[in-house]
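For reference, the chain that follows is the form predicted alone, supplied as structure tokens.
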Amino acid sequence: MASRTEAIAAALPPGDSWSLPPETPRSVALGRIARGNPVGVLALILVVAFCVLGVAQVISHDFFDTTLAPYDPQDIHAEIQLQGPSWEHPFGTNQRGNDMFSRVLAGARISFLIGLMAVTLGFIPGALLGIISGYSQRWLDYVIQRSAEAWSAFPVIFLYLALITAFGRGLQTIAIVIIISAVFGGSRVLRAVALVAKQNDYVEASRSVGASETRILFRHIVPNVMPIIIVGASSVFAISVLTESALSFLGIGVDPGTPSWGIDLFEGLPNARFFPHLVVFPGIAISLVVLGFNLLGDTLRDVLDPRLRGRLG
């Protein structure tokens, strides 16, 4: 049986030739997307810079017991308290004489760890549970969704305070609450998306040719809801950074003195009127990270979702 290309060539008048158009190189396609989405490129730069800094801080802290910062972020120097930005201390110093530039760099470690755990241990497993729940329904859907409703019935801050009483304050306690919240939040969002996706014609077509339910789930449902997962993961990362900063700002997050953007905001607030650098630089760090992840998620949704590609740029 002749191929489609051979059939088209045979139908052409004598002397004419036909061939498939050359495939666009991947680099050209990526460049075209980047030119149409300059905000997305800026967001990608912010996210990559934050992730590289966070990974470097985690590795240096956990394996070498040091940081990449020019000064120890917890060293106390009474002789240089509350100095403004200078060549020696670009972000100034705080009331203990800590170098603020070093503390902002070191604070990326906790924010990165919280966001990473929330996405990998919370949102992604929760999204998978939600997709399975919405696709299979029946008793599994009932168990997962009633568990999510039970968790949502109690204010998270009260549950967090109860965990502090049981396990003490620190990174682990914050991570437990954020991870559980991300699991149930992801399952509820993706369940609704899976309920819509399973009604599409391609699902019925796959089932009619004998495809198993497992193959339909992972071959058709999951790829078609992937843009929602990507946007949700970026939002969860941003929310986790904000949550950790807010808890530390309120004094119920990580231990005092730990390099954290929220703690730096709280400690700098009493002197912010006369020394604004104490709150400006940690605030900028939080804002850039949250903005970067939100904008990157929106851009990836537009690029990956075929229904939105016409709106690029």
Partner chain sequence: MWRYALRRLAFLPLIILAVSIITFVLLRVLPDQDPAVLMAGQGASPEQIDAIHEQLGLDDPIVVQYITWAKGVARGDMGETYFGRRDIADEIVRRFPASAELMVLSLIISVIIGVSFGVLSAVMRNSLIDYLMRFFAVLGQSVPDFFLLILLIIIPSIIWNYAAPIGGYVAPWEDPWRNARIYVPPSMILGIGGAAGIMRLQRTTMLEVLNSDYVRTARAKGLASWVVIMGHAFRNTLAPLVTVVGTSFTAIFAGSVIAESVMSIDGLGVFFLNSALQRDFPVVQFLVLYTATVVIVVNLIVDLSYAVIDPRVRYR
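Residue numbers count along the first chain shown, from 1. Because the structure is predicted, anything quoted here is derived from the model rather than measured.
FYI, the form predicted together with its partner chain isn't displayed, but the following is about it.
Remark: P70 does not count among the residues lining its partner chain in the predicted bound form, judged by a heavy atom distance of 4.5 Å or less. When contacts are judged by a 4.5 Å heavy atom cut-off, L161 counts as touching its partner chain in the predicted bound form. For the chain shown alone, G36 is not a contact residue for its partner chain in the predicted bound form, no non-hydrogen atom being within 4.5 angstroms. Not displayed here, its partner chain is kept clear of Q74 by more than 4.5 Å at the level of heavy atoms in the predicted bound form. Residues with any non-hydrogen atom within 4.5 angstroms of its partner chain in the predicted bound form fall in just one of 124-132, 197-205, 147-155, 174-182: 147-155. The candidate site formed by L265, S287 and L295 is fully in contact with its partner chain in the predicted bound form, as each residue has a non-hydrogen atom within 4.5 angstroms of it. Proximity to its partner chain in the predicted bound form, defined as a heavy atom within 4.5 Å, holds among V28, I45, I59, L250 only for L250. Looking at 265-295, the residues that come within 4.5 Å of its partner chain in the predicted bound form, counting any heavy atom, are L265, L269, A272, R273, P276, V279, V280, G283, I284, I286, S287, V290, L291, N294, L295.
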